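Let's start with one chain on its own, the form predicted alone, as structure tokens.
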């Protein structure tokens, strides 16, 4: 029973860590713009493909890049952060082309939301055009000399699960320290709380928006590469499911709350891990059932702030 509990706990924590990383990307952009970036799932997918190509993976027989392969193969530990930087670059490009023109014209936030959805569709179709719609697998041997699985307190745990949990923990801790302990992090918090006052105090809100998009893209790219190593790349649309789950985590934790995104991701991950294998088809029901129950009790989410009533 003890080993089964350890296995269940690690499964839930590693899955929840991915959801938390994903939701943090939503949270960073929402905190400064008040808009959900629906292109985030496509950036997550790109991170997985970037990682696959950088470790020496070859494109299949379909797509404009059929048979393409980079002349060098990087180790996974180097390919992953480079894929994150590539995803961050794409996220900044989305901000420049899809969000900034509307922001400069003081357009309705709903237009930015629709534009981000369109940008996501364009990216997913571009991926399909270039590399086809087939799935790709990142070899488990990409972790170098690390074993595929290890024994931990009597439980057989996949190494990639521990890697997911370790990387996510380090990133979440680093992000929290940056937000609370650095000048730029505090400036981001100021813009998220009151953009007008922050602008009057000399904070460059446009720069803060760029930082938020860049960080969200970097986190999405890392999460995509780690998930690709764990479960393979199931085609250009595989980020959509994680995007919907990340959106649920965002709402569960509280809109704009970084600790809430972490707590919500871990809660959803543990809830899904508790579903027996024979009932695995109902994991989505359990996850969104938890979301529904929590929002009935706390409409603002676990750590969200209640909306002020205007009179």
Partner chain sequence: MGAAFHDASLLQQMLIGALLGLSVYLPLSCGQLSLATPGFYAIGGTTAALLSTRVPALGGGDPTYPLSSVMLEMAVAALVSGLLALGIGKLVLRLRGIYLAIATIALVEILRVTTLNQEALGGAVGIFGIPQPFNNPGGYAAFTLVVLALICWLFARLEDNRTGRAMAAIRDDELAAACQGIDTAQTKLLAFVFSALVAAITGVISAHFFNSWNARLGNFDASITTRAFVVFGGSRTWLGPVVGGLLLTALPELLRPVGDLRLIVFGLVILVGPLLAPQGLVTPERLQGLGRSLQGLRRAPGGGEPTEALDPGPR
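Positions refer to the first chain, counted from 1. Every value quoted in this text rests on a predicted model; they were computed, and no experiment measured them.
Although it is not shown, the form predicted together with its partner chain is what the next lines describe.
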### Message
Please determine whether each residue of 30, 122 and 282 possesses a non-hydrogen atom within 4.5 angstroms of its partner chain in the predicted complex.
### Response
yes
### Query
Is there any non-hydrogen atom of residue 101 lying within 4.5 Å of its partner chain in the predicted complex?
yes
### Query
Taking 4.5 angstroms as the cut-off for heavy atoms, does residue 117 touch its partner chain in the predicted complex?
yes
### Query
Is residue 295 close enough to touch its partner chain in the predicted complex, meaning at least one heavy atom pair within 4.5 Å?
yes
### Task
Please run the contact check for residue 97 against its partner chain in the predicted complex: heavy atoms, 4.5 angstroms, yes or no?
yes
### Message
Partner absent here, but in the predicted complex, which of 107 to 115, 206 to 214, 164 to 172, 182 to 190 has residues with a heavy atom within 4.5 Å of its partner chain?
### Response
107 to 115
### Query
Pick from 271, 54, 255, 59: which has a non-hydrogen atom within 4.5 Å of its partner chain in the predicted complex?
255
### Message
Within 4.5 Å of its partner chain in the predicted complex, counting any non-hydrogen atom, which residues from 245 to 264 show up?
### Response
247, 251, 255
